[in-house]
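Shown below, as structure tokens, is a lone chain in the form predicted on its own; questions about how it binds or moves come after it.
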């Protein structure tokens, strides 16, 4: 894939769509394309947070470990990000992410991701919007679980 195609790909992701073109190019040079097959794990709950992943194509499940086995809390698809919570919370991974279908991702190292967010207020605001949406989704799910209505 050419640099221009990579930059065009980066521009499709809401979190990176408004950042400066030079930063988009840096993301292309500094990130790594990764492909996962169905049932392959990107990372597990408790792992060190070393990168965030942007879903280019495919579907992944986010699950948390429970005494009765994994509990799926969300499903991700194209243009969504995963792994950013542990990076910014400076905590171990809070969940396990597993490919459901063939999954193509862009792996962005912790340092590069920090730099992009630090340099771009628009990216930082989009990240806050994403995190707020996740918190609202998790709160609603906990509420449904407590009330017994999944």
Partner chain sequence: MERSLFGFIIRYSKRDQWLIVPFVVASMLFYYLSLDLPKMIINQAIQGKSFPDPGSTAPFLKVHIALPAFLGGDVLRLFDGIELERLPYLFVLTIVLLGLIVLTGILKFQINTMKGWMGERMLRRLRFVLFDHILRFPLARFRRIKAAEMATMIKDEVEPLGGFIGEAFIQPLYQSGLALTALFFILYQHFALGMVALVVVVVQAVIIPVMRRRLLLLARERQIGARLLAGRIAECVDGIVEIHANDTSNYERAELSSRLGKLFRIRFEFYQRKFMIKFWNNFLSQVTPFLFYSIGGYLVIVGKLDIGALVAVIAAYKDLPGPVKELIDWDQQRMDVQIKYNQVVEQFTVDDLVPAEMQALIEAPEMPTGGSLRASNLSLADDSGTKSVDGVSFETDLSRHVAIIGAQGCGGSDLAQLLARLVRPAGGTIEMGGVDLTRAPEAVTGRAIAYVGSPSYMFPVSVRDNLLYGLKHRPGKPRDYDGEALREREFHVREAGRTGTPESDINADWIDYQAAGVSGAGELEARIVEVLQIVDLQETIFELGLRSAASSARSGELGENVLRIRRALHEELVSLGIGEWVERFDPARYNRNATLAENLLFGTPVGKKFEIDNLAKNEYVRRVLAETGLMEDMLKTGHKLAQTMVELFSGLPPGHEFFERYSFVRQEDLPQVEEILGRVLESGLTGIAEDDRNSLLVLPFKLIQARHRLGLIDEAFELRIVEARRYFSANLPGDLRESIEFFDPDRYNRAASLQDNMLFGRIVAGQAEAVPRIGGLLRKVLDELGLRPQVVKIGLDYQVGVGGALLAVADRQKIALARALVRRPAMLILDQAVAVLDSASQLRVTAGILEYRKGRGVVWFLNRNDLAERFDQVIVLERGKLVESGSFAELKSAGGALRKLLSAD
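Residue numbers count along the first chain shown, from 1. All of these numbers come straight from a predicted model, not from anything done at the bench.
There is another form of the same protein, the form predicted together with its partner chain; it is not shown, and what comes next is about it.
Exactly one residue in 111, 57, 122, 47 has a non-hydrogen atom within 4.5 Å of its partner chain in the model of the complex; which is it?
By the 4.5 Å criterion, the partner-contacting residue is 111.
If the cut-off is 4.5 angstroms on heavy atoms, which of these, 116, 97, 81, 86, is the one near its partner chain in the model of the complex?
It is 116 that has a heavy atom within 4.5 Å of the partner.
Using a 4.5 Å heavy atom cut-off, are 3, 30 and 34 all in contact with its partner chain in the model of the complex?
Answer is yes for this spot.
Does the 4.5 Å heavy atom contact test between residue 26 and its partner chain in the model of the complex come out positive?
Looking in the model of the complex, residue contacts with its partner chain include residue 26, since a heavy atom lies within 4.5 Å.
Consider residue 101 of the chain shown here, and say whether it contacts its partner chain in the model of the complex, taking contact as heavy atoms within 4.5 Å.
Answer no; every heavy atom of residue 101 is more than 4.5 Å from its partner chain in the model of the complex.
How does the C-alpha distance between residue 116 and residue 81 change in the model of the complex compared with the present structure, closer or farther, given a change of 3 angstroms or more?
Farther is correct, given that in the model of the complex the C-alpha spacing of residue 116 to residue 81 is increased by at least 3 Å.
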